[in-house]
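Next comes just one chain, in structure tokens: the form predicted on its own.
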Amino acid sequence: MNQFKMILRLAWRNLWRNHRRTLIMIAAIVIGAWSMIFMTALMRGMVDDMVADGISVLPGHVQIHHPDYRDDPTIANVIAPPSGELLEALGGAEVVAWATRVRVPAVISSERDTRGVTLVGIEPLRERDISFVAGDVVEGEFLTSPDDRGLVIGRKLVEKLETGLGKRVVVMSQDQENEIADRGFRIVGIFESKLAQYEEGFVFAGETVVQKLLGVGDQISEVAILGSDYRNVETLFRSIEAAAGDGVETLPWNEIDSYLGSMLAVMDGFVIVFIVVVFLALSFGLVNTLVMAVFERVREIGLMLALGMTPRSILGQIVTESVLLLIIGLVIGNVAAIATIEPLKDGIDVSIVGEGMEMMGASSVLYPALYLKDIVMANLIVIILGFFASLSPAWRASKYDPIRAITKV
């Protein structure tokens, strides 16, 4: 313990013998740590926003449907509503909310134009807890019951159809007999979404009304289940899959929307790569600083070796200097990053590149997401890589010959 205290004291004193070089290196580490944490928070925020928006657009965390529905999403591939063991599982503690839907391709026509859309028959009360649409209604009102004869459509679709709130439109689809089924609806609500493609692509009606239109009785297209954490759905998925049985297909959200699932996996890997790349750039400065410090103290190191200090202690002293340098820089960098991110948590307006963000599935407002695990991971990677980066100059110093080091001119 006494030897460790001595090494720590010597390392701290040696750091500040050339304070200008030490401060420059600390500044570099601060900027590196700040950039790692800040950029990671921005990337996490973008991906979290994309995943949350994607999940709120109807998949939920787990989804049940007919085995052929994903290949042929028509009214021919429907399933019975939840009952028995499945209904019990849907009431489990891990299920936050669930909803049934009838979801089919359709065509909507106004007096001015016709567009292809996805018609979604919903249970309004259940849908409020699981998807985006209820909270995004900006004009009129949301549907009140499965028997509600109104229609909720997006702002962009209203503009395309040149129609408006209270106007009548005709929705056409195909029933189980392959016959055209059509019905007039009055627009009772208009919603806005972070992504314009959602506003143009979906229209919502009461589930019972759509079932009658398509002649499917009480059958549905899908059951969407929402859990507590989109990153940890395995337990929820397994319990629902076991309860649903073999007659249906049960899938987690990352298989339903493979793009979002792949994006999340790539992002998690990219964060680590980004941190490693940034530190590799910093490590050259760190190694250079330590090598210069060793060269400046060749005689001193030789004298300590001659007085009985072991090569192991010399190595420990140089490595300790490196770790102290890193810790100081990381502490200041972490504080700077947190202080920078906190004021931006209400969102960063990136509408100037909004169209490009929308093409990637992200909104025009970016919300940084600062996770403790990212801070810890960044700091651990820097400390570990810094330790190994300091071994080379430390090893060189510990191998000096005392006589030659003392007499070095």
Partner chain sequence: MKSVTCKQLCKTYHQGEVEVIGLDHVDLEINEGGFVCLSAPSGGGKTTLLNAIGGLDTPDSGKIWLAGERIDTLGKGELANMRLHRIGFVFQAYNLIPVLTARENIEFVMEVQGVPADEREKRSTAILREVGLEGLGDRRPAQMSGGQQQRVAVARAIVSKPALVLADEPTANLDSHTAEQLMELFVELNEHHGTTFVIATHDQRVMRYAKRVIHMLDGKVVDDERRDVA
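Not measured: the values here are computed from a predicted model. Positions refer to the first chain, counted from 1.
We do not show the form predicted together with its partner chain, though everything after this point is about it.
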Next item on the list: Give a yes or no on whether every one of 44, 337 and 339 sits within 4.5 angstroms of its partner chain in the predicted bound form by heavy atom.
Entry: no
Notebook entry, point to check: Closest heavy atom of residue 268 to its partner chain in the predicted bound form, within 4.5 Å or not?
Noted result: no
Margin query: Can you tell me if residue 300 lies within 4.5 angstroms of its partner chain in the predicted bound form, counting non-hydrogen atoms only?
Written below: yes
Next item on the list: Evaluate residue 306 for contact with its partner chain in the predicted bound form, applying a 4.5 angstroms cut-off between non-hydrogen atoms, and reply yes or no.
Entry: yes
Next item on the list: Consider residue 10 of the chain shown here, and say whether it contacts its partner chain in the predicted bound form, taking contact as heavy atoms within 4.5 Å.
Entry: yes
Next item on the list: Just one of 229-237, 141-149, 216-224, 308-316 has residues with a heavy atom within 4.5 Å of its partner chain in the predicted bound form, so point it out.
Entry: 308-316
